[in-house]
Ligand code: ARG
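Below you will find one chain, with nothing else, as structure tokens; this is the form predicted alone, and questions on how it binds or moves follow later.
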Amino acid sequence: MKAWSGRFDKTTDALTDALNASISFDQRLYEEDIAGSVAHAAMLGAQGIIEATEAEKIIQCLGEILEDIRAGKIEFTQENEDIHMNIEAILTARIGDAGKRLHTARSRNDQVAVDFRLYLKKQIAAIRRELLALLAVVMKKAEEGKVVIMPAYTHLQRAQPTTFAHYMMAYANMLRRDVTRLEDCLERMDECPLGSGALTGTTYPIDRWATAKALGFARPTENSIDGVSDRDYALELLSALSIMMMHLSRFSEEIVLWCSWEFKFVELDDAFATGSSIMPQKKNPDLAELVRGKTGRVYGSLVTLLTVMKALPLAYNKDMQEDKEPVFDAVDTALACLPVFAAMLDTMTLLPENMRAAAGRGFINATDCADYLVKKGLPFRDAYKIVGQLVNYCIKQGKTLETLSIEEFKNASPAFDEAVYEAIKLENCVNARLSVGGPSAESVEKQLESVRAFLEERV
């Protein structure tokens, strides 16, 4: 018999039951549901809303149910719709009327809201740990690549010289922001909706601060309607995960390019690559490609929940049952991708000679050549034009700026002298960029120190 069956003359159709039930996916909230019920029962007993002995009986039985679920001794049923009613039915079957008193001053609306928040708080902590572990790996690779010269790109065209360490620190900063986004999300999520009831609270003398504290929340939610109808915290988490996955996807794209024969800047470990069923020479970066592909899944979860919530009047609507599966999938996807990406990156071998060779082609020191003329007194636009003409000349002659004779330089501008060769040497081009955030050894070391301090505060 349904918990709400008193109002109805007929039983629900089997098709209704099948669509209405959520136990197939919300059963993963069993720990949080029991934790919320324990806190609620303890508060009911402390406030004298139910007998203290009944509260103790409820709490003891809930503990036994938790152990039985973990041991695989309990089978949930669709007849009881969701995790809340399944556990309540088991409780009532075991201790009778005392179990029926648990739902006093509570609705499934605030019950599911507290379960969901408790679950996501745990998952944020887990994702944050994996992100910090990945950030530590990125830092390790940056240390490996401090003196490795490589080309940086715009429009996927070689643009200016940098170091592998500088390149890695770009991703380190992205991942650092991902961590702080999760921390910000957690701070706003840290409110307990239990006690909001169906939407307008309750006439019983409950203590919402007590249940909030017992469940590890910073405070209760301030408005009972908002308490049961808010899913901003889930949307914010999906947004943070979408941005995080976008960063992993961009990084994955770099790795896919870098391990191709066209670049060959890195070599993936055999344990984190796959082969072809027909082409024996292939070594495919499938893990990077999968992370890139799974980013679309997380985006889809965000769009799904935004669409579910976009036209819902206050307070709770059954549409909101559709909040869990996309969030669960996004969390699962993030937790699957982060550790394997970190392991792939950690075991990846750098190929410095290939990076340096690529940096030697493509005239990526042209800006430095123009800056050299500016320091000689020429306006930048004039210097830019002169160097552009030199690059055009080099292309036609099959030369690079470094291989031009001093006479060829002077033919372009009398301002050139022998010092130009030092000015356009790639290592000097990199280390002359002392501006904050730049690729010089001094600047990169400051960036490393900043992220090291960030990690030390959190690990």
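Sequential numbering from 1, following the sequence displayed. Quick caveat: nothing in here was measured; it's all calculated off a predicted structure.
Another form exists, predicted together with arginine (ARG); not displayed. Remarks below refer to it.
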Worksheet item: Heavy atoms within 4.5 Å of arginine (ARG) in the predicted complex: does residue 112 have any?
Response: yes
Fill in: Close approach of residue 318 to arginine (ARG) in the predicted complex, 4.5 Å, heavy atom
yes
Practice prompt. Would you check, heavy atoms only and a 4.5 Å threshold, whether residue 82 touches arginine (ARG) in the predicted complex?
Written response: yes
Discussion item. At 4.5 Å between heavy atoms, is residue 324 in contact with arginine (ARG) in the predicted complex?
Written reply: yes
Worksheet item: What is the one choice in 294, 146, 376, 108 with a heavy atom within 4.5 Å of arginine (ARG) in the predicted complex?
Response: 108
Item to complete: Look at the stretches 187 to 195, 342 to 350, 206 to 214, 310 to 318 and give the one with heavy atoms within 4.5 Å of arginine (ARG) in the predicted complex.
Response: 310 to 318
